[in-house]
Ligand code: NAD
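For reference, the chain that follows is the form predicted alone, supplied as structure tokens.
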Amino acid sequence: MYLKNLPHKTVERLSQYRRALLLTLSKEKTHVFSHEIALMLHITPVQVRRDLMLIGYSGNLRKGYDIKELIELIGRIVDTEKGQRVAVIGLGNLGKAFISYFKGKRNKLTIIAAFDVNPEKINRGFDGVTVYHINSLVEVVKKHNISIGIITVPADQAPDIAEALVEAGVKGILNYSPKPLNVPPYVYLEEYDMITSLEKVAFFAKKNDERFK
């Protein structure tokens, strides 16, 4: 199942719902209500119901949503049937942390390659992922049919890396560098700015500090 016009924020929340549902399932529950999901994600039950209505799913009034059924449905929407291969560009602390954390988390998304310039890291494995020299990026991405690139390099290197990923044929880029990127419209770009996120938290922390004095 693929819902072409699903809003980006809804797709983001579906991923969060699945993570929350997997945790709930591990507690041997079989059903869950919208207000329980909402509580775990700090959103409203109305938002949960609205998102699930968009994907054509409704629960039982007495029992709530069937957890296994909903996990499977979200998987059919968010994942691809064959799965997708991912590369991490930049094997510094952030790149290493990403590979280690993500390992085994999703069976339809697999990090199969990493790229760096440090000769001590190249042609070795890190947590089961082969590390290549950055100069071989286009060749390796094409050879292994990698469709997603995660950029964790310094800001000044990010535009060239993005250009190489586009040339290699990736369809999605997750940018962790502080440099905003420009990519063609057929490549989906998600950018995560740590400083902006931290400043946002700082603003609301300041606001709450003033409010609750």
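All of these numbers come straight from a predicted model, not from anything done at the bench. Quick note: we count residues from 1 along the sequence shown, nothing fancier.
As for the form predicted together with ligand NAD, it is not shown, yet the points below apply to it.
- Query: Hey, in the model of the complex, does Leu54 get a heavy atom within 4.5 angstroms of ligand NAD?
  - Reply: No - in the model of the complex, heavy atoms of Leu54 and ligand NAD never come within 4.5 Å of each other.
- Message: Does any part of Val140 reach within 4.5 Å of ligand NAD in the model of the complex? Heavy atoms only, please.
- Response: Val140: no contact with ligand NAD in the model of the complex.
- With the cut-off set at 4.5 Å between non-hydrogen atoms, does Gly92 touch ligand NAD in the model of the complex? Result yes; Gly92 sits at the interface with ligand NAD in the model of the complex.
- Any chance Val78 has a heavy atom within 4.5 Å of ligand NAD in the model of the complex? Because no heavy atom of Val78 falls inside 4.5 Å of ligand NAD in the model of the complex, the answer is no.
- Query: Does every residue of Val129, Ile146 and Val187 put a non-hydrogen atom within 4.5 angstroms of ligand NAD in the model of the complex?
  - Reply: No residue of the spot touches ligand NAD in the model of the complex.
- Message: Tell me which stretch of 46-54, 171-179, 33-41, 60-68 has a heavy atom within 4.5 angstroms of ligand NAD in the model of the complex.
- Response: It is the stretch 171-179.
- Looking at Val11, Val201, Met194, Leu23, which has any heavy atom no more than 4.5 Å from ligand NAD in the model of the complex? Selected residue: Met194.
- Message: For the stretch 93-118, I need every residue with any heavy atom inside 4.5 Å of ligand NAD in the model of the complex, listed N to C.
- Response: Contacts from 93-118: Asn93, Leu94, Gly95, Phe115, Asp116, Val117, Asn118.
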